[in-house]
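Below, in structure tokens: the form predicted on its own, a single chain.
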Amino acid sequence: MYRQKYLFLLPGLLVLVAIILFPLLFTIRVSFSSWDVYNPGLNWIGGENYGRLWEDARYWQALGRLTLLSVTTVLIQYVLGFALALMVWRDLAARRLFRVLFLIPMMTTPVVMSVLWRTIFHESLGPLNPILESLGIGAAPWLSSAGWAFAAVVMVEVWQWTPFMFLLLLAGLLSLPNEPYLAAKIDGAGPVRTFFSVTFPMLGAISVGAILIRLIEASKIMETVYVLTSGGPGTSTETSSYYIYIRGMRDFQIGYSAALSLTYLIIMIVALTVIAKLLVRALVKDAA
């Protein structure tokens, strides 16, 4: 009877092996081959792909660009999401309506949103530049200038995924106890001091979870870049995922793209683990 309980775990274990373990092991094997459009197959070439990767400046530039993009977008999303959650948390007219409106961008697929924003950012036909000109600001080369294109990607990501931060932080605010706020009121603490001494520390654990989830998703950004800028102009908005897509699906360098993917996976696991520990030390410990 004791051993029979493991039979109930067998279906889940088989699914795990089928959809996670086997593709991972196969990718590792492919990364040690020269599989491309000319030489398909699993011939063994050792670590040549990893040596080539080490000297691939375009890949490391894309990784640095992804880091900047992820940190910037997640930080802005956290600040805006927290502000919106605080606004809706308090007594606000039609706050149920605002809760629904804030979630609309998140419920739309990234490809559809990117197509919509590409139309908005169009320098001659889009509505954004005429609005800026009417305000006396002046038109901007949104998709033809490296800096503006990067800013456009940041804007789209912030617009679409700030509602996710809003949702998690609002759920955390609604679960907070009232006693600390009563004590703060008795002590004469104002709104700002109450926020930094009571609200923010008690939301430390939720903040860490929300930031990590968004960092994981932001590190995989692909659809927005593909539809909005195609990595351009030049390679100014090219991220690691998009570069791996170019090498694997456009150039059909399967072996090399597998090595890129594994290296990217290892870097992300290590980086996110370190970030998680730093966030817990900075936020959750203070809350305790």
Partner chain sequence: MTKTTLRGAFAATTALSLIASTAMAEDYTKYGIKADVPGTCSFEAIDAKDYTGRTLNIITHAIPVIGEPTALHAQQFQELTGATVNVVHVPFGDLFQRIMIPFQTQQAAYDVLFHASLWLGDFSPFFAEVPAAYQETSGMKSVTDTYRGVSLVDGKLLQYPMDGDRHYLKYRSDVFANPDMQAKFKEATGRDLTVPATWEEYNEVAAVFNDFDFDGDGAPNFGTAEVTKRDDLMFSAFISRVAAYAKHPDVKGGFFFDLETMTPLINTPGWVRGLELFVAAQASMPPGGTSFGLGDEIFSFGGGQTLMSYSWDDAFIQAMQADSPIRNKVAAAPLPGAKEVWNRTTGAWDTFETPNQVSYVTWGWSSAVAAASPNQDMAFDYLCFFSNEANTMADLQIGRFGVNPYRAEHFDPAFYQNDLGWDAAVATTYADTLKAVDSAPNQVFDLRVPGVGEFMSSLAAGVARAQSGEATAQEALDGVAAEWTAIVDRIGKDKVKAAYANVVALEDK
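Residue numbers count along the first chain shown, from 1. Worth saying up front: this structure is predicted, and the values here are computed from it rather than measured.
What comes next is about the form predicted in complex with its partner chain, which is not displayed.
**Student:** Let me test this: is every residue among 163, 273 and 277 within 4.5 Å of its partner chain in the predicted complex, going by heavy atom positions?
**Tutor:** Not a single listed residue reaches its partner chain in the predicted complex, so no.
**Student:** Are any of the heavy atoms in residue 32 no more than 4.5 Å from a heavy atom of its partner chain in the predicted complex?
**Tutor:** It does not: once its partner chain is placed as it appears in the predicted complex, residue 32 has no heavy atom within 4.5 Å of it.
**Student:** Should residue 229 be classed as touching its partner chain in the predicted complex when contacts are defined as heavy atoms within 4.5 Å?
**Tutor:** Output for residue 229 is yes: heavy atoms within 4.5 Å of its partner chain.
**Student:** Report yes if any heavy atom of residue 245 sits within 4.5 Å of a heavy atom of its partner chain in the predicted complex; otherwise report no.
**Tutor:** Contact with its partner chain, yes.
**Student:** Using heavy atoms and a 4.5 Å limit, would one call residue 122 a contact residue for its partner chain in the predicted complex?
**Tutor:** Yes, contact at 4.5 Å.
**Student:** May I ask you to choose, among 68, 28, 42, 249, the residue with a heavy atom within 4.5 Å of its partner chain in the predicted complex?
**Tutor:** It is 249.
**Student:** For the stretch 19 to 45, return the residues whose heavy atoms include at least one within 4.5 Å of its partner chain in the predicted complex, in the order they occur.
**Tutor:** Heavy-atom contacts to its partner chain in the predicted complex: 35, 36, 37, 38, 40.
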